[in-house]
Structure formats: structure tokens, C-alpha cells
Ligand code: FAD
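Presented as C-alpha cells, the chain that follows is alone, the form predicted on its own.
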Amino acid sequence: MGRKKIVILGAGYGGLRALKKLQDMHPDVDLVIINRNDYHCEATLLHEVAAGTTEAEGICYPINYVIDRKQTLFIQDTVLGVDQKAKKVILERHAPLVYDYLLIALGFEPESFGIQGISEYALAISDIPSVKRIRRHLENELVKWREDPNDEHLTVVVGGAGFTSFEFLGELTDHLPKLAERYHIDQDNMHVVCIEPTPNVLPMFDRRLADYGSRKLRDRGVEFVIGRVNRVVPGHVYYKNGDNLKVIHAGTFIWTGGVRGSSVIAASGFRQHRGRVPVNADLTVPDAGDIMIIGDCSAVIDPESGQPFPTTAQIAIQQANYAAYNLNALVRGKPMKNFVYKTKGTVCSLGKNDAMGQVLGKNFKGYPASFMKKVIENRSLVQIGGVETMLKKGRFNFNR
């Protein structure tokens, strides 16, 4: 009989961290990792590329930085689905790949909630191509205004007031003075609007921190309006406040109102909700002990709230540690561990040197929170890419 094969789908925070841990364990198996790109993207920093303050290359590094070629085969391809009965991964270009054990660590996709026009006309922060598209679109609208001084070219609407939208709005408003200078536009003519169904933004934070973030963005010119996005067409964003249908004329609409797990999950026949599978305590899939799911495609219930934990890089990395241990245990016929999530806190950036966060039960805001955010990002680089990667790609600009 041939050696067992562990296949990992996705080279995001969870997939690449799990691979790194497995390689350190040297299991007597063939390791395979599949990803559509040959690079890993620091997805928590995508908003910076979208706003134009960071180049895409600055938040990516080659998967080869992590792969041990003596242990691991990397296949660059798009995953189309999983044939659970045949124990095969279906790929776009390569032949189906047989596995003995499978770790699914695929990423997220924007969730439209069936809102008309979201899929066709909204921009979303989801991967490198998407944020490059946003940056290009924003700058093209400023160019258009020089030829056609219509206010909609200078109007940016963000749908949703969650974590991603706040980070993007913070970065964008920080960058607006430079954009205005570059394109010879009076910054007072630029209009940034955030539409949110409830005034209680950022529910994961203490209200004092959430209010701090809202106040900071308002001070930089962001207008918050209460309502639900109803329909999007080119140049127009319709939203409802109660029974009243209103419209904003905007050249740019960015949707941050929700995400779902990869469409591969539904296509593969897993029992799921919005692309997320409720996994067992040991991260295996119910009725499929040879498959584990972590990250954006897994649903782990918070025993306190009874709701799934939010999908973050932090939980994906912690899941990856357990998944690697449990995969190695499966190979060796040893007992597996149940996943226990230990939150270390959350920090939301509001631009270059401003942020807010809760870490180890304490609230931080302003520059101290921003400093902490950079430290967390550097730690993530070490955990996945190693010290050398952190030295190449780390955040060391701690100046005010």
C-alpha cells in the first residue's frame, strides 16, 4: 500500500498555518496543498490596497516561503468541488486528486443576500483582484470628474458598517487629502457615505470604542445614514429607511454588508448555511471523519452566545493548530483534541496611526491601539511565514 495523503485546500491563514505545523511534525504521509494563486495574501490588510495606501505586493508573499518541497507538493489550481464518496478533489485544470485526509481551508465570498444589483454593480473587498479593481475605479472616478464635474463622481458609498467597512473608511479618509491634491480636487467636494441598518455599529466592541470609531470617521467627513440597501444600479444606490425608499447618486458603491464561505462548500454537498459547515468539536465534518474544515467555511459555536464565532484570521490560525495536531493524530491512530477558542482580543484600524481595540479585557484607542495592530500583524507573519517573512513584509513604521 502507498503512503497516506493529506490534502489541504486553500493557502490563507488557516491552510498555510496548518501546513507549516504539519511540516514541523514530519508525519509519514504525502502532503499536498492546493491554491488558485501562488501567493498568500494577508487578507486583513486588503482594505489598505483598496484605499490606495498600500501596494498589493506589500501584503502578499510567495507560498514557496512556507512550503518544504521535501514533504509537500504545491498545486496551483482552482478547486471546483469535493467528491466525498470517491474521496477526490475536483480541480479546474488538473485531474481529480485522491486524498486520504482532507483539510478544507478555503476563503470567503461576498454575500449579496439577494439584493438586486449587488452581484452585478457593487465592488467588494475579497481578494487582490477585487481591491485592485476598487482602487482603479476610485481613481478613474476622480479623473472623470475633471472632464464631467458631476458630484456622483466624487461620491463613495459603503454598504454596511461592520469591521471591514470601518477599516476601509478609516484608510480612505486618511488618504483623501493626498487624493484631492493629486487630482486637483477640493476635498470638501468629496462625499463619503456609509449605509447601515442600525445605529449600533460594530457590535463586537464595547459601545465606548464603537462610538469612538464612529466619531473619528464623522470628524473626517463620513456621513452615516440609517437604512437597508434595497437596490443598486450604475450611478445610484437605493436604500430603505422604514417604508421610505431613498437614493444616493454615487459613482462608487462598495459592499461590505456580509460574507459567506466558499461556494465550493455548497457545490460539494456539505450540510451548510451560507457556505459554513457546523463542524464537530475536533473540527471534523459530521459523518465524514476524514474531512476537517477550518476558517471561513467552518462554523464553531460560541458556548456563551450560542452563535457561531465570527470568522477572523485569529480563529483560523488557532483552528489550524488543532487541525494539524488532529491530522497527525489520525495518521498515527492517536486520540484527537477538541478545539477550544481563546480570544486574544480584536483591534480595528482607522487609518495609518489610529485604531480601537479590546485586548486581554482592556480597551485601547488611538495611537496605542494602532501600535498594537501592527504588532499583531507582525506576529501573524511569524506564525505563518516565519521570521524571515516577517522581516521582509512586516509593519515597522511606528512613527506617529
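So that there is no doubt, residue numbering starts at 1 and follows the sequence shown. As the structure is a computational prediction, the values presented were derived from the model and not from experiment.
Same protein, other form: the form predicted in complex with the named molecule, not shown, and the subject of what follows.
**Study point:** in the predicted bound form, segment of 299 to 307, 104 to 112, 231 to 239, 267 to 275 with a heavy atom within 4.5 Å of the named molecule
**Key:** Result for this chain: 104 to 112.
Practice item. Evaluate residue 35 for contact with the named molecule in the predicted bound form, applying a 4.5 angstroms cut-off between non-hydrogen atoms, and reply yes or no. Key: Heavy-atom contact with the named molecule at 4.5 Å: present for residue 35.
Check your understanding: Taking the shortest heavy atom distance, is residue 99 within 4.5 Å of the named molecule in the predicted bound form?
Key -> No, residue 99 sits far enough from the named molecule in the predicted bound form that none of its heavy atoms falls within 4.5 Å.
Check your understanding: Taking heavy atoms only, is residue 325 within 4.5 angstroms of the named molecule in the predicted bound form?
Key -> Judged by the heavy-atom cut-off of 4.5 Å, residue 325 is well away from the named molecule in the predicted bound form.
Point to revise | residue 155 within 4.5 Å of the named molecule in the predicted bound form, heavy atoms | key: Answer no; every heavy atom of residue 155 is more than 4.5 Å from the named molecule in the predicted bound form.
Check your understanding: What is the one choice in 280, 78, 321, 130 with a heavy atom within 4.5 Å of the named molecule in the predicted bound form?
Key -> By the 4.5 Å heavy-atom cutoff, the listed residue in contact is 78.
Practice item. Report the residue, out of 336, 347, 29, 350, that has at least one non-hydrogen atom within 4.5 angstroms of the named molecule in the predicted bound form. Key: In short, 347.
Review point. In the predicted bound form, do 10, 15 and 316 all reach within 4.5 Å of the named molecule through at least one heavy atom apiece?
Key: Every residue of the candidate spot has a heavy atom within 4.5 Å of the named molecule in the predicted bound form.
Review point. Of 156 to 171, which residues get within 4.5 Å of the named molecule in the predicted bound form if you count heavy atoms?
Key: In sequence order, 163, 164, 167 come within 4.5 Å of the partner.
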